[in-house]
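One chain is shown next in structure tokens, namely the form predicted on its own.
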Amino acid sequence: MNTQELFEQVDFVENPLFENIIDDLTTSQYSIVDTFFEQDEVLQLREALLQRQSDSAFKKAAIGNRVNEEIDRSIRGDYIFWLRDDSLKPDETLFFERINAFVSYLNRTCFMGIMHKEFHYAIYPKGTFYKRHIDTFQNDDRRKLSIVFYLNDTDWTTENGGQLVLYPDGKPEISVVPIPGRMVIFESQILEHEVLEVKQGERLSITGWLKTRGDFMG
């Protein structure tokens, strides 16, 4: 064992929040967390999304990966804006700093081999949805973990719709109300899921994936 490895072992501090997420993923293949970010950070990220929206930065989302994209409103109806490292606002940088800390922890404790990430804002207007699907493609199996982080109004309820429904194999479905500050993390290659129709308002989130091997998104 070299000096750097010894230093890393001594420097390691267990993170209870990250440990709980890992336990959930191990036992249930998903984790629902309401404390990944502080309330003021959630509000700041919501404002950053709304600013991107006012700048007309969003485009209609497609199905498939970016090699084989196809817009199909009968399957999904959201609008997205990709978050790229070279054009982040300060609040968006904070988001990625926290995600990077989580990735480092996963790689160090679980040897997951996460090398890249990709995230985008997502807006689901009233009447839109995303039918049941899985987050991997026939020509691209690099996605390891899917992450959805909600930035809705503080008064969002089940009456607004837009629930994320997870379908664990052989178990009852899980319906997740997208309240602001809630984060859902699940295994991309295993869990089928869908977004139910939005009944009121706009459903706002940051959605993305932690990936193995290389990708141009960084």
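Quick caveat, the model's predicted, so the values are computed rather than measured. One-based numbering along the sequence shown.
There is another form of this protein, the form predicted in complex with N-oxalylglycine (OGA), and it is not shown here; the text below is about that form.
- At a distance threshold of 4.5 angstroms between non-hydrogen atoms, residue 148 is in contact with N-oxalylglycine (OGA) in the predicted bound form.
- In the predicted bound form, residue 45 stays away from N-oxalylglycine (OGA), with no heavy atom inside 4.5 Å.
- Contact check for residue 133: a heavy atom falls within 4.5 Å of N-oxalylglycine (OGA) in the predicted bound form.
- Shown alone here, residue 164 lies within 4.5 Å of N-oxalylglycine (OGA) in the predicted bound form, counting heavy atoms only.
- Site annotation in the predicted bound form: the residue of 119, 95, 102, 124 reaching within 4.5 Å of N-oxalylglycine (OGA) with a heavy atom is 124.
- Contacts between 181-200 and N-oxalylglycine (OGA), taken as any heavy atom within 4.5 Å in the predicted bound form, involve 193, 195.
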